[in-house]
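Shown below, as structure tokens, is a lone chain in the form predicted alone; questions about how it binds or moves come after it.
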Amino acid sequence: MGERLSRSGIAVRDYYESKPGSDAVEPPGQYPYTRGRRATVPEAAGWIQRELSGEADPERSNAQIKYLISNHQLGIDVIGDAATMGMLDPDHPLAAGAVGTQGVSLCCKDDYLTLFRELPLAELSISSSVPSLFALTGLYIAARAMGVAPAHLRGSVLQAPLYAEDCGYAMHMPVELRVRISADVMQFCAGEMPKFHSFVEDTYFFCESGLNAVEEMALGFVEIRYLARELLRRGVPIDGFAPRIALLVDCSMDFFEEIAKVRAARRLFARMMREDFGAQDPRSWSVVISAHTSGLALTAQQPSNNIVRGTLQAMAMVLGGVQALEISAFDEAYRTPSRASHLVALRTQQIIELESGAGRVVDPLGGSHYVEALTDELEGRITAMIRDVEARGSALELAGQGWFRKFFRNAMERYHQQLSRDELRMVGVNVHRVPAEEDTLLREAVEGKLSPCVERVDRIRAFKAERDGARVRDALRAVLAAAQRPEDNLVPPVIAATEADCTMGEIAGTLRQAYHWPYDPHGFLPALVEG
């Protein structure tokens, strides 16, 4: 990289120390990494620029991903539709009316082969907002089919086993099974996929329940600490998996607090890993942080304002030093991102990178009295809340008792009360409103709703009728047997079952059986094998 200059020709350094006589701030790239994971500005973009994608069937989503890559997106992040996120096949009676409307419908091996067809898996970072066990399985199988060694794959899967049932898509699985799945995925990847982030602590989705920055990060660290102890209990050394832990954080509209939150999270993670868990590898101290701008902050009123909201939130995350970024598209109050809104969000990131100068310097706000004070205050409050939650008992027991469910419900009620009382001001919602007949800007772009992908349902029914039924049942029996043995890792039998043309819904139902839960939590379908 050549010399970096401001618009006026002023040369800039990689980072700046505090002024003489001021409080010292450690350089970036050094423990505890408050100022960033690296001490130098990279030659390429300083963060992976991507947009959340996925709609209708795998064929259409494959085309959508290729479109984004052709516009210089640097990574992939795929989200499933409601059925996929809830581990239901598209032909389930409760799924058919919404297949493909909120993400891509995925349920079997061929779906992943189609989704990733002709994509350079060895060159891209491939992340997924699909249940981790099945996202990992689908990517693993697709990579092998395309001649890419799984050990070379980069990307991530999300884990939130303690909270998934309480504020996200319900999987209808006991918390013990959800925790086991997360730990099995982490343990499998530690041995088979060393470049892959097998544990992304997804604070984004539960923050969208209305949590503030302190609550978001405290609950995230409670979950990280619980799963880290579970892996240690299994005999996996801390340095064998800690470098593959990452954070996916939310970004609200509180600009400076969000910057300070990212800085505080890096410091908290570093100290936790070195001081609490005894990690020796510096890579275990230096956490990768991805960010997704807040969907909760977007409004159906005056949707063009959402472009500004996404820009401000993205700028905060760039100044905070995240490693990957996604902007919630301006039409997400109505639908999954359209082609136009996807491009606006991606171009927003590219403008920040190439035109704003925000990425010329590492931690450009380091040393700011305001930002440093916010960072310290957030760290203290997050630490205090972690201690308070852990003092209440095992996080697993708290989840089983519904403590977290109540916490999220209270946060959402608080958020709506703040809006209704005008304590929280949102332009177009409770301030600076315009009559509906005047609210026309981008209205045509946002109101093009997606229709259910009904042909997808017929296709899956035909697929199930034509496959080798005996092979499917044998593979599901193997999954059941493995799930009934706590010492077995579930990933290998699930990969084998998926290769045998079992579907996600069938595998998930079989796992429920092993834990004495109904195969179909909604009571419509019979089990394929005896529990």
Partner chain sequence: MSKVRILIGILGLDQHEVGAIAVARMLRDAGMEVIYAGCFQTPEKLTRSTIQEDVDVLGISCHSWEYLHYLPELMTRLKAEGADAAVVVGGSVLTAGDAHALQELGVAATFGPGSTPPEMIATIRELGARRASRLAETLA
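Numbering follows the first chain given and starts at 1. Computed from a prediction, not measured in an experiment: that's the story for all the values here.
Although not depicted, the form predicted in complex with its partner chain is the subject of the following passage.
> With a 4.5 Å heavy atom cut-off, would you call His522 a contact of its partner chain in the predicted bound form?
Replying inline: Close contact exists here: in the predicted bound form, His522 approaches its partner chain to within 4.5 Å, heavy atoms only.
>> So, Ala95 and its partner chain: in the predicted bound form, are they within 4.5 Å at any heavy atom pair?
In response: Judged by the heavy-atom cut-off of 4.5 Å, Ala95 is in contact with its partner chain in the predicted bound form.
>> With a cut-off of 4.5 Å between heavy atoms, is Glu413 one of the residues that contacts its partner chain in the predicted bound form?
In response: Yes, Glu413 is a contact residue.
> Should Arg144 be classed as touching its partner chain in the predicted bound form when contacts are defined as heavy atoms within 4.5 Å?
Replying inline: So Arg144 does not count as contacting its partner chain.
> Is it the case that Arg154, Arg274 and Trp285 all touch its partner chain in the predicted bound form, with a non-hydrogen atom of each within 4.5 angstroms?
Replying inline: Zero of three within 4.5 Å in the predicted bound form.
>> Just to confirm the contact call: exactly one of 383 to 391, 124 to 132, 82 to 90, 363 to 371 touches its partner chain in the predicted bound form at a 4.5 Å heavy atom cutoff, so which is it?
In response: Going through the listed ranges, the match is 82 to 90.
> Out of Pro174, Gly240, Gly168, Gly359, which one falls within 4.5 Å of its partner chain in the predicted bound form, going by heavy atoms?
Replying inline: Checked against the cut-off, the match is Gly168.
> Can you pick the one in Glu447, Glu118, Glu438, Glu397 that has a heavy atom within 4.5 Å of its partner chain in the predicted bound form?
Replying inline: Result of the distance check: Glu447.
>> Pick out the residues of 204 to 237 whose heavy atoms come within 4.5 Å of its partner chain in the predicted bound form.
In response: The stretch does not touch the partner at all.
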